[in-house]
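The chain that follows stands alone, in the form predicted alone, written as C-alpha cells.
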Amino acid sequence: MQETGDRSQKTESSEQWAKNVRRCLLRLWLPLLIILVPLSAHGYEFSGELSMEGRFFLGPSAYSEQESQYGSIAIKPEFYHQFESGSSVLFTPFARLDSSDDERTHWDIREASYLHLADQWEITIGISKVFWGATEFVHLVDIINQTDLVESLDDEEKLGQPMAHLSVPRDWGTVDAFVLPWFRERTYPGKHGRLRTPLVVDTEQARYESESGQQHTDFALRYSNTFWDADVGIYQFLGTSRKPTMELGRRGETPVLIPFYQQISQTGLDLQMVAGSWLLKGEAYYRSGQGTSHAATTFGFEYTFVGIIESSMDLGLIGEYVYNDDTDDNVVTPYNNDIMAGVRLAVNDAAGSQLLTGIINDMELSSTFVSVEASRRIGDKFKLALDATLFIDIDENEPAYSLRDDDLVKLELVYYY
C-alpha cells in the first residue's frame, strides 16, 4: 500500500511538473515568438542567457512539504535596438520553472523601456531597473525596484518597475526624477519551498495603507555628483514601502502571514571614495512611516592587494558594519548591529575566475551567517557558478531563526547566446 501511495505521489508530481511547463510556455514563449520575429527582421540585437540550477540543502527540512534538492531552469532573453539619434529600446523578459515550489515557478518583465536622448536631458519610459548603493553585503538605500525574494535572499535580484525616469546631467551634478505609477509586490517562497518563514506568506491577501493599493504613484528625486575622488548621491523617496510588515491571518483553517504595505518617506545617502588601494563606502537613510521613524547606516572599506605572490591575481579584504536603530520591529532589514568581513579574489585569467566569501556576525545575538560565491567561464558560451549559504548558531530571537536548518549549496550552469 505504501509503494502504491508513493507511486501515486510521484505521478501527481510529474503531472504538476508537466502542467508548470505548459503554463510557462504559454505565458512566455508564445508572446516572445510574436515579438521576436518582427524585431529580428528590423535589425534588432538579440542575446540572452539560459541557465540550469540545482539547489542542495544540507540540513533536514523543517516541514513535511519541503525537499532537500530542487532543480530549475531559467531563461532571460534580451532584445536591444539603438536608433541613429542615440535613443534606444530594450526588452528583457525572465522566466523560471522550478521542480517543486510553485511560487518559484514565475515570470517577469525585467525591462521593457524606451530611452530618449536629448541634448540636455534623457528620459526612460516603461519597465526598468535602477540600483543605488555602495556597500557589499547590505544595500540599505536601494529602493526603486522590488526584491524578487524567490530568486535570492541577498536582495540583489529585482523585479522590473514601471517608471518614467528623467535624468538631467550638468557640470554641477546629475538630477534624476522618478514617477513610479504601479507598485510591484514582493515574491515569497510557497509551502513547498525552502528559505521561508514557518507560516507561508499569502500574497493573494496583501493589504495596503493607501486606498489606491498597487495603483499608488510613488515619487523619488536624487542628486549625484563626484567630489574629488568621492561619488556621492542623496535622494528623497515618497511612496509605498518595498518591504511589508507581516500580519497574522488565515486562509481557510490554515494560519498564514499577510503582507501589509504601508506609506513611507525616506531620505537616503550613499558614497564611495577611492584612496590609493583603499575603497571607502557607506550608506545611510532616515525613514518615517510603518508606525515608526528610524535611521540606519552601513559603512566599511575594501583594500586590494594587486598581484599577490608575484602573480596576476588581486586579493581584496572587505570590512563593513551595519546599524539600525529600529531594533524592535526590524521592518526594513534583519541587520541591526552586525559586523561583516569578506575576501574577494580575482584570478584575472582568461576564464574570469573569481571568488567572494563573507561572514556576518550579529554582535548582540552572536548569530553567524557565511556566504561563498565562486564562478568561472567555460569557453565562450558557458559559465559555472557555485554559491553557498550557511547559518551557524542562529539565536531563537534572530529574524532568520526559521532558516537555521536551511544551509544551502547552489550550482548553476549558464549558457549565453
Partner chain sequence: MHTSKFTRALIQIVLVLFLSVRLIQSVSAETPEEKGLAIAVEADKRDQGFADYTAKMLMILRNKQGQESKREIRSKTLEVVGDGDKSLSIFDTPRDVKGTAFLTFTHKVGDDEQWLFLPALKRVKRINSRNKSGSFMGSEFSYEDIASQEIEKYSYKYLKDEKVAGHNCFVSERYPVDKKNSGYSRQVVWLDKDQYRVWQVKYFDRKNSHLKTLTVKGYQQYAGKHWRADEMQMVNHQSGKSTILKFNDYKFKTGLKESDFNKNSLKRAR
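Numbering follows the first chain given and starts at 1. Values in this document were obtained by computation on a predicted structure and should not be read as measured data.
Unshown form predicted in complex with the partner chain; subsequent notes refer to it.
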Closest heavy atom of residue 288 to the partner chain in the predicted complex, within 4.5 Å or not? no
Is there a heavy atom of residue 107 lying 4.5 Å or less from a heavy atom of the partner chain in the predicted complex? no
I'd like to know whether residue 139 contacts the partner chain in the predicted complex, with contact meaning heavy atoms within 4.5 angstroms. yes
Taking 4.5 angstroms as the cut-off for heavy atoms, does residue 169 touch the partner chain in the predicted complex? yes
Are all three of 174, 274 and 278 close to the partner chain in the predicted complex, meaning a heavy atom of each within 4.5 Å? yes
Heavy atoms within 4.5 Å of the partner chain in the predicted complex: which stretch among 209-217, 260-268, 195-203, 129-137? 129-137
The listed residue (245, 236, 304, 292) that reaches within 4.5 Å of the partner chain in the predicted complex by any heavy atom is 304
Checked 103, 111, 185, 151 for heavy atoms within 4.5 Å of the partner chain in the predicted complex; positive is 111
Of 335-363, which residues get within 4.5 Å of the partner chain in the predicted complex if you count heavy atoms? 344, 348, 349, 350
